[in-house]
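The chain below stands alone, shown as structure tokens; this is the form predicted alone.
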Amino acid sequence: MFGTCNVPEVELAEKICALVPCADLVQYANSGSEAVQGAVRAARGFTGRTKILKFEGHDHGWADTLAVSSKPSAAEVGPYDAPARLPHSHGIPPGVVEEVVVCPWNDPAAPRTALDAHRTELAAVIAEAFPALR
């Protein structure tokens, strides 16, 4: 847990910034959910936009922001070119779900279409590097 700032934590952050040319800052997180939530918040703050594009079946943790369409059944997915936006569980407000644009995975044309359709609304695109096989 990185609850307080300490010398080794600062030294590690400085080393990461030195080794990664595009890294100006380092933000530690206690979990993947927390890291994703921080990234989404930063993207929204920087762009002034609210929507996030994610890929159907990709899991980005428990935060409401992206707990959408991570494990849809075949009956729930909706049409291929317009996947349904499904909350991971009860308790996720509909307004949160509406801020997520869902794309089918592994189809290069799909994100281009979604990006064109939501060009002025999207703050970020998020994807799992290696989606888990389900």
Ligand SMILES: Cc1ncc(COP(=O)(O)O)c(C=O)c1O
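One-based numbering along the sequence shown. These numbers come from a predicted model, not from an experiment.
Beyond what is shown, the protein has a form predicted together with this ligand; the following relates to that form.
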Given a 4.5 Å cut-off on heavy atoms, tell me which of 73-81, 102-110, 38-46, 24-32 is the interface stretch with this ligand in the predicted complex. 24-32
Heavy atoms within 4.5 Å of this ligand in the predicted complex: does R85 have any? no
Does D59 make contact with this ligand in the predicted complex, using a 4.5 Å heavy atom cut-off? yes
